[in-house]
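Just one chain is shown here, as structure tokens, and it is the form predicted alone.
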């Protein structure tokens, strides 16, 4: 792995994190007072779609590392998804917690499939 790849992953990872912050905030402000974490769902589903496009376009090697791991990896957030699901469960909103877990997985797989078709 070259220094250029490591730097590319770092730069695009940072851009992905900023994009995630902006989209999550925009969605959350558009749906105030909602108990369901729609911002994280929007981030993770759009990231799954983009990664599917990269995969469908046969992005490989250093290009995949930089764009897939860097950009999409910095953009999507597994840990926030898990934390929000746990929070919903702690608040005794078990139905919403289950919906967040199952819905994110099912819709995420569909987003990857759609992205691969588009790529």
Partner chain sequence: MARVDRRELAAVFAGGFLGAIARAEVAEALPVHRGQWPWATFLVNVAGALLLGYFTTRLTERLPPSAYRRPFLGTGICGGLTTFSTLQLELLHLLDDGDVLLAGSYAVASVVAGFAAVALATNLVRQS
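Numbering follows the first chain given and starts at 1. Just so it is clear, the model here is predicted, and its values are computed rather than measured.
Heads up, the form predicted in complex with its partner chain isn't pictured, but that's what we're talking about next.
- Within 4.5 Å of any heavy atom of its partner chain in the predicted complex lies no heavy atom of residue 38.
- Shown alone here, residue 89 lies within 4.5 Å of its partner chain in the predicted complex, counting heavy atoms only.
- Looking at residue 83, you'd find a heavy atom of it within 4.5 angstroms of its partner chain in the predicted complex.
- Taking the partner from the other structure, its partner chain in the predicted complex has no heavy atom within 4.5 Å of any heavy atom of residue 28.
- Residues from 87 to 110 that approach its partner chain in the predicted complex with a non-hydrogen atom closer than or equal to 4.5 Å are 87, 89, 90, 101, 104, 105, 108, 109, in the order they occur in the chain.
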